[in-house]
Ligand SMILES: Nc1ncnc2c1ncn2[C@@H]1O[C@H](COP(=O)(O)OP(=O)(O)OP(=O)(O)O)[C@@H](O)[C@H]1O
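Okay, here we've got a single chain as structure tokens, the form predicted alone, with questions on binding and movement later.
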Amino acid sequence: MPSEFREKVKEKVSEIQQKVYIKDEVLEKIVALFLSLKEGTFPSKKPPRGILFYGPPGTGKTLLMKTLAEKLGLSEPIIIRGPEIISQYYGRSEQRLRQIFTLAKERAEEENLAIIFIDEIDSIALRRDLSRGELEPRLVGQLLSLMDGLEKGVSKGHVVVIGSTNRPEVLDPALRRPRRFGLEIEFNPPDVNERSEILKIILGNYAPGRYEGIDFDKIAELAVGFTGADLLQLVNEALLQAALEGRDKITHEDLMKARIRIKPSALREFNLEKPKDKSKELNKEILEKIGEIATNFSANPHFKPILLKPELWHYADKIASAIAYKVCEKRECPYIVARAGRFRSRWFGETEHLIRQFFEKVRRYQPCVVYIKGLDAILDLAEEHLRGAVVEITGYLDEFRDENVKVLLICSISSHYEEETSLIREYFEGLSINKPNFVAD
């Protein structure tokens, strides 16, 4: 990349990040691609014709597209909102798609670059093996045909199609191969440093001069799982409350109070719970073990897998909640609850995919307490399609241990079958009790 072009890319990245904060390396790649296409200097004769933006809601996918067009001097993207394409009349949905691609080709001829932005692309490009009607397979086929026809349909210039989705796993695999949506860019929830920067940008842009005494690093540390959209909502909640109290400025305390009322977008797909104090329902022996686990993790967060054995099954929820409550008394962190049965799927490979997706999300929200109820629901070796689940789970347990991920992982099992539980038992420190009556009197 020539130095002059590199400097231009860095300058545009800096401008864009004043409105939407995206990781430097990701944004530089996107800006370099669009600038070179606009100026006709892209080094290959076959640049990417499709880009997939994916990630949780509120991470800036749509906002980035609009900001790119504004800051790079591009023509306004031709926006397709997936649900708006759908028509009850036979063939009308495909006709709308063809009309949009024809318009984009004409614009590319005139302006050298045209962008089609398909928001919620999963609504029109669902995996054909998951479809129940005729329309979805027809739309996928039409979109594939139109994507493949882009190179022949434009004599000069380029058409780039950008798809945006929160659920990349449900897209038809044929769309995600090279020369279609071959370039995939993941929009991860911001980390603690990025949350601090985003909060500064939001307050600077939307509430200049209307805040004081805010500890940005502290708010960012406590806002685990918050996206840019969540942080904007956080500021609006605080501003509204201040206005109701007759104040024109918000403080650190206002943001702290507003944070409690907002559930992080990036964690909404999980059951994010507020742990409850269950100490009155458990006996002294269990409470001593719970206190030891919670104190150790709070003082020194590290990967700690705990297995609640079958004899604790009926009280597993209370024990997990009590551990999380004790941890959160000393350290602010999310308590994520999932039922292992929800990972089961009749589709080949889908169970493994759901497990990977879950553990990758957990990795991003550390430090945290995670409770997986009924882990043996996906350890049934009698079912062939579940055998890969064991490989995925043990693989992540190895990774988390080697990387010292800051996760307290609590799993419960109801089965007494040795064959299933022995596969994962060696990874866990078992929590059990000698006396059968462990519940408080």
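From a predicted model like this one, the values you see are computed outputs, not experimental measurements. One rule holds for the numbers: they count along the sequence shown, beginning at 1.
One more form of this protein exists, namely the form predicted together with this ligand; it is left out here, but the text below deals with it.
Asks: Consider the chain as shown here, without its partner, and state which of 113, 198, 238, 290 has a heavy atom within 4.5 Å of this ligand in the predicted complex.
Replies: Exactly one listed residue reaches within 4.5 Å, namely 198.
Asks: Which pick from 279, 142, 123, 166 sits with a heavy atom within 4.5 Å of this ligand in the predicted complex?
Replies: Comparing distances to this ligand in the predicted complex, the residue within 4.5 Å is 166.
Asks: Since the chain is shown here on its own, which stretch among 49-57, 396-404, 36-44, 370-378 would lie within 4.5 Å of this ligand in the predicted complex, judged by heavy atoms?
Replies: Checking each option against the 4.5 Å cut-off leaves 49-57.
Asks: Is there a heavy atom of residue 228 lying 4.5 Å or less from a heavy atom of this ligand in the predicted complex?
Replies: Although this ligand is absent here, residue 228 would touch it in the predicted complex, with heavy atoms inside 4.5 Å.
Asks: Going by a heavy atom distance of 4.5 Å, is residue 206 a contact of this ligand in the predicted complex?
Replies: Because a heavy atom of residue 206 falls inside 4.5 Å of this ligand in the predicted complex, the answer is yes.
Asks: Going by a heavy atom distance of 4.5 Å, is residue 175 a contact of this ligand in the predicted complex?
Replies: Because no heavy atom of residue 175 falls inside 4.5 Å of this ligand in the predicted complex, the answer is no.
Asks: Heavy atoms within 4.5 Å of this ligand in the predicted complex: does residue 13 have any?
Replies: Residue 13: no contact with this ligand in the predicted complex.
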